[in-house]
Each structure stands twice: as C-alpha cells, then as structure tokens.
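Look below for two forms of one protein chain, each set out as structure tokens: first structure 1, then structure 2.
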Structure 1
C-alpha cells in the first residue's frame, strides 16, 4: 500500500484519465483499448474473472505499471491499497500513521513557524503565514490524525503506536494501512479487494466512508454488496463479443441488467452464424454427393451429356465452397450459461429433523429445527459459532455429542464444503466420471438421471481435460459444485457457496436456488447473498441458544 502524491490535493480540478490503454503480458493481451475518466465524484468498480487484468488496470491508473499503448493523465493525489501486503515493513503503527499524514503535519509545522515569524515581525511573515494557512486548510491538516484514528477503531485495526507492522498478521497489517489511506484524504483512492480481512462492522464503515468521501474512488472487488452499496459505474473486463471492455452505469443493478442483455445479444448473434454455417455446410455436402453419384447419366447416354453434367456439378460445388469460406464465423463463442439440473423434491412432512444437537468444541449452542420438502434455511453467525459443524451434522459426516439428527429414509443429501479436497493429479473429467460411476454402482443414481460435466455449464471441455491442480480456484470450485449437483440431491447443503465464483455465476446460482424443488440449507458471510435470500428463514448461531428468524415478507 502506498501513496503517490502531487504537492497538494487538486480537489475540484482532480482528474484521472486513461485513453486507449492496452497491456500485454508476454504474448497475452491483458487489457484492450480501455478508456476511463475518474473525477472527484466518481465511484467506479472494476470487475471480471481472475486473470482478466483488474489489478493491472489499477496499477496502470496509479502509474506503477506502464501500458504498452495508450496514455494515463493524473491531476491530484492518489492513495493505493494493494491486495497483497508485504511482510517486510519494519515500521511501527505510529510511524505508518505519521508517514500517512506527513503532509498535513508538515503543513501545521510550517503554519506554526510562520505564526512565530508573524509575532516577531519578521519581514515577509504575513505572506508566508497566508500561504501556510492556505496549505493547511487545503489539507484539512488539523483533522488528519483524528480521521486516521477513527478509521483504525472502526476497522478493528491495531491502535498501539509501538507495535511493528511486521509483527502483525496479514489481516491486521491490511486494516492498519487501509485505515491510514481512508484518513489521508487523497483526491483518489484506488483499492484492490478492500473487503478482504474486514468484519461486518468494518465492511459497513468502509462502504459509508467510500460513499461519503470528497474524492474519487476506484475499487477492484468481487464483493457484490460493496458494488451495490458504493459503485455508480462498473467496468467489466470479462470477455465480450468484440473483446473490448464494457462500462455500465446505474450501479450494480445497471451492470446486472446490461450484462444479461449483452450476453443475450451475443448468444443470438453466435447462434445465427452457427445456423448459417451449418446450412452452407449441408448445401456443400449435398453438392459433393451429387458430383460423386448424380452426374452419371442413365445407361446409353452420350459422352457429351455426361461431361456437360459433370462440369455443372463441379461448378456448383465450387460456388458452395466459396460461399462457405466467405461466411467465416466471426462471433466468438459466448460465455457458458449455468444449467442447474432438475432436483426433485420428496413428499412427506419432514426430510430432516434436528433436536438439541451439539458437537463438543465445535457447536456448543444446542440447535433444533425441521426441514420439509422445498424448505429453505440460511445459517448465520460469527466465525467459530459452529456453522460448518452444523452442516457436517446434516450431511452425516459428523455425529452429534448430544441431541439427534434424523434424515428421512431414501433422502439424497448433497454437501458443498467450504474448502475443496479434490485430487490435484487427476483430470477434472476423470474425477467427475468416477463420481458418477460410484453413484450409479451404489444405487443412488440411475443411468437415466446421470448428467454430463459439460452439460452443467460449469466447465468447458478443454477445462475438463485439465488436471485439477492446473485449474484456477474458481474452476475447482465449479467442479466441486458439479460433483454435488451430479447426485441430484433432495437436500442441498452449501457452505460459503460464493467463494471463488464469478459474479455472473453467483447470480445464476442464487436464482436457481430460489427455484429448485430441492430443500436448501446454506451458510454464508456474503452480504449480498444474505440480502438475496432475506425471505428465507434464518438460524443465527453464537448465543446461548440458536435464534430462529422466520422468513421476511
């Protein structure tokens, strides 16, 4: 985390402009023709899958990475918070704060010195005092330290000025440095995944501070709640039909609507070209077949007739070949759409019944609830309250130390764990096929119920052919989800299901969970997901007893 400064904040004159910026990493084009204007009132979010160049664009805007083409103009001061924090910083918390507000402190010192000169009647003291006062006011210097201390408290950061940053955890260091930047009052803040390492109170403070600050904000984030609360413009770096980035106005809602419409147009254009390509190919094949068999005249026909017919058929083939070659498929293959399989419900009053269940050392709060077919339940609570342990009880991987968990006979349960345990050396397709064979061999699944990996729209064929260890975290998470859905469960248990998944896939999954016939239990800290399922009954863990909250209306 660092600050790049021009002498004084530019305030209303501040502007950050990227024009036709492109960036290569080796032979791979990371950014293509990016145009972006950031003003003091801007609230801009940069989104996209891992590896799409989000952090690179932030560094290009900051000036720490030079684009291969295009220009960036900067007027004003910048504060930059990187996602990855160095552990080599030997400063203390107090020194970090002092460095952050060095300009305001220097301005106050200069003002005091000018004031002393004014009192002594030093020649030119009035001009020096007026200039020092103007600088101090521009920097809001008197309030600088208080702003940082408020941010430290609100983010739950270390406030002991003698503590060394190198002695703090990654999360603690990040909170200290983020607090310093929030208190520094730069013209622009550039933040890379700023919600990492923050609790609920810290997230709320960050959202409020980013909304209300005087300067512009550019954030890279997968946090949909932060996008919904703060962003007014969203830059989408995910693949598009013409390979150019997209800018969406009207905040997160506008991004969702615009992206859905964009993908629909893309899919329609691709389908039209595929249909025309298939038509031309069929026409060519038919002409080639006629050339092979159709030109032969009936027995007794003269040689001239036979030759004339052959020439005409040959020309027909050539015309169709030229038409096929001229109709190149120019629209790239659109993104995959997630296809949630049909999960059937089971009749009966209760699929699951939990009574006063606890797990020693993991779930100390006695939990009781019943889940009927098509039931819904969201489990919330602080870390360590036992959410994952409760899901383990429901999945049957944990046994209660007191109370009981009863599952209706014949009910299939599918559990998505928070952490993946996939075999890294096996290919994704092999892992999935082996899982299907085991389900069929054990009688859980019939051959008619089996669904192919690529049919789910979670991994493409080329990704399914890779070893698990070669897949990104997001792709591994997609494979985990595919394995769960392959069993077509009657009860679906999801532990932090949005981890490592793209925004588009999370939206598709959320919609599917609302519509599926299966019963669904999920545990999450994802604020936007909790908003999306606010109509579900909630079970909050962490007190002396679990608190059940009925569905809101």
Structure 2
C-alpha cells in the first residue's frame, strides 16, 4: 500500500497524463508510444495478453517505473494496489487503517488546534481556522474512518485491529489493503487485478464503489464482469498490425466489437499476403525450371537463338524474384491461440466419491457428492467457506478429518492451485521438462502421451526460456496450467482458474472446459465464468449443509 508524497488531493484539477511513453524490460520492448489522459471522471481499463506490459504501464503511471522515453505528469494523489503483495509488511490491521486515514486524522487535529486558537483570540486564528476547515472538508475528514470500516466489512476483510498483516493469508491481506484503498479518498485509484481474492459480495461492492467514486480509476483486470460494469475506455496492449496500442470507447462491448473487427482485418491481410507469396513463389519456381530445362533446345538448333532464349528466361526469373521480394509478407503473424490437449475420459460409474467429508477448521460442514466420468461441478461460496480445502481433499493433498474421499484407482487428477508456487530461479522450460520426466518415471504418463510446452500455445519459446521470476504473474499462471494439462488428467480440479489470465485465454479455456472429455471441478468467483457454466451442477459451500444440486438453469 502506498500513496505518493503529494500532500493534498487536487480534486477537479487532478490529472494523470502519459505522453508517448515507451518502455523496455530486459531486452523486451513492452510499451510503445502510449498516450493516456486520466481525469477524475475517467474509468479506464488496461487489458492485454499476459506479459504484454499492463502492470508495467500501471507502474509507469504510478511513478514506480521510469519510462525509457516519453513523460508522465501527475497532479493529485494516488492510491495504488500492485498485483503482487509482499508478506513482509509488519504492521497490524489497525496500523494499516491508521496509515490510510493519516491525512484526514491530521486535518481533524489541525482543525481542533485552530479551534482552540479561535477561542483564545490568537491573532490570525480566523484565517488559520478557515484554512484548516477547508482542508478537512476537502478530505471529508469526519467520515474517513467510517468509509474504511464499511469497505473492510463489505469485502469480508479482517477487522480485528490487532491481527498482523504478515500472519494473514494472501487473500485476507489483499482484502485489507483493497478496503483501505477504497475507503481512502485519493484523486486516482490504480488497481492491478483487484478481483483475484474477492467473493461475490466483495466483487459487487468493488464494482459499485468504482462506478460511484468521484475520482479517476485505472484498473488492470481480466474480470469480464467488472470490466462490463465499470470500464468506459479500454486500453488494449495486445499486438496489433502496426504494433501500437489501441484505445476503445463505448465500454467493454465497444472493446469486444472493435477488437474482433480489427483482428479479423489483420488475419485477412496476413492471409492475403501469404496467398500472394505462395503464388509468386510458384511462378518463380516454374520460371527457374524453364531456365534449367527449357534453354536446351533440340540438337542442331542455331546457337544465336539459344543464347537469346536463355537471356529471356534468365530475365523472367529475375523479374519474378523481384516481384517476390517486393511482396514480402510485411503483416506480422497474428498471435498464438491456446490449444487445449485432448483429455481422455474413463469409463466406470464414478471417478470420485465424497461422503460426509470435513476438514477441521477449514471445511466444517460435511460435504457429499459423486463425480461421474465427463462429470462437471462448480463449487461456489463466500471467502473462507472451504472451497480450496475441498479441492485439496479431491487432489489428495489434504486428508479428511471425518468422512471419506474415494478415487477410482488409476484415475489421473490434475489440480491447478489458487496460488502459484513455482521455483523462481528455474527456467520455465526446465520446470516443464522436469515435471514431464517425473510423470513418466512414476508411470503416470507414457512417453507418447506427453505434450510439449509450446504445443499448448500457453508460452512462446522465448518466454519458456526465461526464469520463472522474470515472467509476469499471468505467464507464471500459464505455466501452472501447462503443468496440469501435461499430466493429461481424467479429472481436472481448477481453483480460481481465471485469476491473472488474460481475457482471450479465459474465453478459450471456458470453451475447452465445456467440450473436454475429462471430468471438471471448478471453484470460482468469476461472475462471467459462473454465467458461462450456469448449466453445470453447483455445490454451494458455506450454508448449513453443503450438498450437490442439479444444474441451475
């Protein structure tokens, strides 16, 4: 959590301007000529594939990363929520709240002091009081603490002021920070993937707050429901034909439409050039053949005619070579698509059977359900209801304290955890290779069942060669997903699979989950994903007794 050093909110005068900003990270150019103006009424979303530079752009706007060229001007105060959250914050919840409202509290103290001066009749006291009153009013200082407390409650965040941030779970820590930012009254809020640790109620509160707040908002998000609710302008950092970012108006729908049309034009232009290339190449090969075989005329033909014919054929080859060069494919290749591997089903009535299972302290209400081959189940429920614990039981990483979890023998289970725990020093390709070797050595996978990393379309070769720590959060999550899919599971367990993933990939993944032969168990708060799987059976945790219910359509 941090705010810039600018002392007072600038309110209507506030403005955040990026002009012609370009940025390199390592040897990679991530931002090219970005222009952006953020005003107090802006509702801007930054979207794009994982690793495109969304977080980098937010850092540039916040001033925590210097652009390689271009300028950023900041007038006003900023509240920033970064995508990653360190666990080494040694403050308590109460201290975090106090820091958030330090300015309004100071303003109230100054007002009290000025009030006392007024009573004493100190010279100049009236002016000082008027100034202190203006500051306190500008900050709406009387209401500051209440605003933070409301946000803490609404997000389901920890409200016990004595709890230490470092001792909370990632999600709990995240919610405390977000509540403080939503409760504080900055001119601008810059939020990087703010939805990842929120449940349904928290998401609705966040959407409502961002829509109604007076200051400007810049969010980086893959959450399609939030974008549809909040964003008015969308900055798309994804590759384009001319390599410049695109700005779409008319909200999320405008972005969807504009982007689809643009992609189609790009694919068509690429296709046209490819076809033209192939045609010119054929014509050149034919001319080359004629040159090799055709210039040898019948025996006894005249020498002069032979020479002229050879010259003509050579010229024709040259002309075609020039034409081919002149029509080189200049349109870059359109981006990679996700290729979900073919996952097999297993016959048999039940792959998984859960009977009255509980985990002490994490899943207190007994859960029962059965999962058939090609079965589907969506698990929902508020934060802390035990969704991850239940997935842990199914994955076999947790044992039930009561009840049973039975898995048909020989069934391969692939679990995507909520949080990534990859070794940051290893290269992505190495992590993947090692995983495959282990799967083969333990007999889980035969060598002809193995899938290559780049085959999946999740990471390009260049990214696969990087160390995990140099990958963006979404790229790390893509590697996690690749590791799960590599095991060719019969049962897929996905804990908040859309977290950190790009919109395009989430769309592709949703489609693949609908079609795959494998059984799928999904835990998610993603409102759009829940709409998309509304035909699946749902299991809602957090009630008095959790039981599988039929599809909710």
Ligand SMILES: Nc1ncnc2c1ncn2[C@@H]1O[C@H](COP(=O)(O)OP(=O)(O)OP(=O)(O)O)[C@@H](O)[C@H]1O
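Since we're looking at a predicted model, the values are computed, not measured. Numbering follows the first chain given and starts at 1. Just so we're on the same page, rigid core means the largest C-alpha set that superposes within 1.5 Å between forms.
Assignment of forms: the chain in structure 2 is the form predicted together with the named molecule, the chain in structure 1 is not. Once the rigid core is used as the reference frame, the Cα position of residue 58 differs between the two structures by less than 2 Å. Here residue 262 does not count as shifted, since its C-alpha moves by less than 2 Å between the two structures after the core is aligned. Superposition on the rigid core between the two structures places the CA atom of residue 42 less than 2 Å from its counterpart. We note a C-alpha movement of 7.6 Å at residue 523 between the two structures, with the rigid core held in register. Once the rigid core is matched between the two structures, the CA atom of residue 377 is found 10.0 Å away.
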